[in-house]
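Take a look at this single chain in structure tokens; it is the form predicted alone.
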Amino acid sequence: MTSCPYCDLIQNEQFPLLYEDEIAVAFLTPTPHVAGHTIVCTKKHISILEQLPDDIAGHLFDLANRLSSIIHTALNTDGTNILVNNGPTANQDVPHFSINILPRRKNDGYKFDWNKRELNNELMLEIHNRIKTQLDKNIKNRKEEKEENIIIANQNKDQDKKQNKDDEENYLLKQLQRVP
């Protein structure tokens, strides 16, 4: 198995971290696109966004948001880009999910040259419908999953109540049996 450069950095006690908690770290990347280029990532190796549990994703984006503001103030920048390169085709060059914070200054020469494409209405509608269908399925599945979890939790509560009642009854029976 090849090692992960971010995992190696995180495990290197000599490497200076900007931030660390039980879930995430933030550090200046050794290969920055601009001065102050900061990486926010999980301590645990997770390759892509889709593998992140929702609570951890929320934690990482909250941290990126706070760091963006801090970096903006500390470096007196005009703004920041917050980027996620999710998968090799999306230019993810390290196989560890990360959020990039790029401090920006007016006329800093760093450009995102995205070539915009025009799509005809028919193709736009087809793409819209395919995404919407998949989204609706996902929402339905998540709703059903949550409902199942609620049912299981309620069943567990009922079992706990029954067990507690049984324990109480057994205790009382044992106490009665001990009476001379």
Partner chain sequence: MEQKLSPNHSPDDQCAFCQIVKGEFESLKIYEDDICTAILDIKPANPGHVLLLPKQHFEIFPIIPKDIVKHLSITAKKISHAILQSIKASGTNILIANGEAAGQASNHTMIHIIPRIENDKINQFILEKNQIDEEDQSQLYSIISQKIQEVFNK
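Residue numbers count along the first chain shown, from 1. Predicted model, so just to flag it, every value in this text is computed and none were measured.
Omitted from view is the form predicted in complex with its partner chain, to which the following refers.
> If you check in the predicted bound form, is residue 151 within 4.5 Å of its partner chain, heavy atoms only?
Residue-level check for residue 151: no, no contact with its partner chain.
> Does its partner chain get within 4.5 angstroms of any non-hydrogen atom of residue 83 in the predicted bound form?
Heavy-atom contact with its partner chain at 4.5 Å: present for residue 83.
> Counting only non-hydrogen atoms and a 4.5 angstroms cut-off, does residue 46 reach its partner chain in the predicted bound form?
Outside the cut-off, so no.
> Find out whether any non-hydrogen atom of residue 23 is located within 4.5 angstroms of its partner chain in the predicted bound form, and reply yes or no.
No - in the predicted bound form, heavy atoms of residue 23 and its partner chain never come within 4.5 Å of each other.
> Considering only 26-49, what residues come within 4.5 Å of its partner chain in the predicted bound form, judged by heavy atoms?
Read in sequence order, the residues that approach its partner chain (within 4.5 Å, in the predicted bound form) are 28, 29, 30, 31, 32, 33, 34, 35, 36, 37, 49.
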